[in-house]
Structure formats: C-alpha cells, structure tokens
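Next up is one chain by itself, shown in structure tokens, the form predicted on its own.
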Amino acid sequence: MRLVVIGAEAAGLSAAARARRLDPSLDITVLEKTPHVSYGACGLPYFIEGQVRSLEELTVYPVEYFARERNIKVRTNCEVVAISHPRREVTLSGGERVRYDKLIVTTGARRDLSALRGAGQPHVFTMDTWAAAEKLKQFLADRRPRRAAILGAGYLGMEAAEALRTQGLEVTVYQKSGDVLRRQDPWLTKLVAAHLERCRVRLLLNAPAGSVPESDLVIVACLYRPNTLLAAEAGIETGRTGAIRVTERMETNLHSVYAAGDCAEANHLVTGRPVWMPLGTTASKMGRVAGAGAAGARERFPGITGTSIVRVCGLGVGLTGLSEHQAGKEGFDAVSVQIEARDKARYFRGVPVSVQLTADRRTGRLLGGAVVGEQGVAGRTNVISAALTSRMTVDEFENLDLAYAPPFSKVWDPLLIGAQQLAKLLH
C-alpha cells in the first residue's frame, strides 16, 4: 500500500509519522518542493529580529532522520505539478510520475501578490518561508535600510513590526481595514494601536495598498490564500472559505484523498461552521488525523476555537473564539465586557492585564475572549479556549476553581473578574 504526502511541513510530516506508527507496512513517500523540511516557520520573524542566530536552529529534524528512524522517504526539491486521481499518480515538475494508493494533500498557503503593483521590486519581501527570510536577512545586512513599510496588521505584520523596530528601522504598518489582527474589535484595535505608538511604530488603518508604498524596505504580510490550485485542478472541492472542504476525518470528496493544514478548512467549535485559520498547531493536529485515516484508522478532528497569541512589541495578545462583532455576524445576541486588573498582588510586582469576554445574551454561553498583557497571557487565553470547547456558560466560567498563591495570581483572577462583570449584563 503506497501513501504519498504532498508537503513536508507541520501537517505533512505529522500525517506521515502518524500513518507509519499505525501501519508499519505502508510505503510512505513525502514530496517537498523546497530544499527544506521540518522547520519552525513561526520562528522566522525572530530570525529577522536576531533572537534566532541561524535558520538551522529552526530545523526540528534533518531529512535523513525520517528514512533512518521512521522508514519514511522524504524527497526534497520535488514539486508536484499535477494530480491524476483516476490513474492514482502525481506528476513532478521534471516529468516523473509517482503512484499512490492513498494521497494526503498538505500544500499549505501562499502569498498572492498578483494584485499588488510593484511587488516584483528587489526591496519587496515576504517573510513566511525559509528562502524569503534568508533573502530578507541578507538585504538588511547589505543595504542597511532605514525605513520599512509593512502591508497587513495581522499576526505576521505585528511580528515583522517588532523585528524591524528591534533592528532600528522606522516602521509604518498599512492595514486596509479599520481593525488589527482580523478581530473586528474596536477595543482591541485601540489598545494595540496605542501600544504601537508608544513603541514608535506608525499604524495606518483604512489604508489599502494597491501598489507598493515608497520605502527602503517593504514587507508583504497580507494577501495570504490557501494553496489549493493543484487540488482544484484534480477535482478536489473547496469550501466557502476557499480552502479545501474536508470531513472531521480530513477526507476530501475524492476517495482515498485527504487534506490537512493551511490548505484545508476546519470546523469552528463556537459557530459550528467551516473556517480557514492557518496556524501550525491546527495543521499538526489535522495532519495526524489525515495520517490515521490513510493508515485505515477512524480518528477525527473535532475542530478549533480559533486560539492564537502574538507578541506586539513586547506585549502579549491572546485571542480565542469570537469578538462581539464577529458573534453578531454569526447570528448570536452578543454582549461583551472589558476589564483591567493586576495579574498578581501589587507586593509581588503584579502588572496590568486586560481581559475581554463575549457571551450570547439568550443562552449565557461564553463565545470568546481576549487577553492582553505582559505576563500570563497564554495561560489565561488557554483557559478561555478550554471553556469554549466545553461550551461553558458565563455562570459556569465564573465559578472555575483557578489556582491562587500570591507569587502567581490573585484570589480573584482577572478572568473571573471579567466573568463577574459579564454575568451582571446577562441577569
């Protein structure tokens, strides 16, 4: 039984490893179009910043590890240009054909710069692949630019802003909409914008860039799309988000073909609808389920709450579930509160943390939350995510038994204070 996996990053290698563990007899081949596999792409901004000294530090496993330790053939510099499912084969750019019995598509996402005038200029970069980061780092060393423009105020845009400010550049961020981090949340946008201003990063909202702005250096951190061209040409269906439509077992509409990672949709546990949220954590989990299916097991990936965290010039911003505006668009009768409290007792140098919680007025169900602060952001965001997964009401959330000791927290954690305030609006 031959299993072919297209793509050798988080989803693809997770799929191959899971399939191998469940079926030692499988003939597994992973095809990767670049020379690089199994590296932490999320660490690329910190390579640009200088915190990561070399790209090799981001490599989790070298190519030879997979053949030696896992009996998985990983072939680099092998770009798949066509899938012929009736013949059960893929075609590589050099004309070679590779047969399969089961296929897993993990083609990721791509930057579509076709609508951006001037994108081909030598001072315009992306920052989401090994090769792109390597070129950008060399440009910074050789040309020593003074001013940088960043297109997009999503996660990568915020990380790029911090990386380039650390390198001493003047930074301007252009965002086509009126909000940051794709949250559609005026409270969060105001908070992040004020912090960026304190860090001397200029944020221009409602500033769509049809062409490359004048600057010494331009980073394109927008125009991100699921990479579905190869799949679509093979007859693999896409969903309402533009990503590949999959079942909870990562099955596509084609028998024995699975998809996972940034090219595929995921079920949102709050709304129950498909979403496209390209994150490494999600990709790895989807890959495991796809690999299990290809090996004959019946595992499932229930979905995501849309949890993410990003550092914005030293400030942690954690998000999960829906904002009030997003919840309203999804048909909920949404209500939210925002509070600020110290994360620990003052005598233990507690620092302020801001919390936002959103709920459905009709049912009292918790729908989402945001946590912003210098410390403890990931832990509190994860608590909210767990509550969303459990479909907790605000009353249930308010009574969570959270850890307390003066060096770590307060008697009333900021999450519980926020829940108390939200409960007042619901009763």
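What you are looking at is a predicted structure, and each value in this text was computed from that prediction instead of being measured. When you see a residue number, it is the position in the sequence shown, counting from 1.
What comes next is about the form predicted together with another copy of the chain, which does not appear here.
With the partner omitted here, the stretch from 124-132, 110-118, 146-154, 311-319 that lies within 4.5 Å of another copy of the chain by heavy atoms in the predicted bound form is 311-319. Contact between L416 and another copy of the chain in the predicted bound form is found at the 4.5 Å heavy atom cutoff. Although the partner is absent here, L31 sits far enough away that none of its heavy atoms falls within 4.5 Å of another copy of the chain in the predicted bound form. Heavy atoms of E56 never reach within 4.5 Å of another copy of the chain in the predicted bound form, leaving it off the interface. The closest heavy atom approach of S284 to another copy of the chain in the predicted bound form falls within 4.5 Å. Exactly one listed residue, out of G178, P352, G280, G296, brings a non-hydrogen atom to within 4.5 Å of another copy of the chain in the predicted bound form: G280. For a residue to qualify, one of its non-hydrogen atoms must sit within 4.5 Å of another copy of the chain in the predicted bound form; none of E170, K190 and Q326 qualifies. Residues R21, C42, G43, Y46 are the ones in 10-46 with at least one heavy atom within 4.5 Å of another copy of the chain in the predicted bound form, listed in sequence order.
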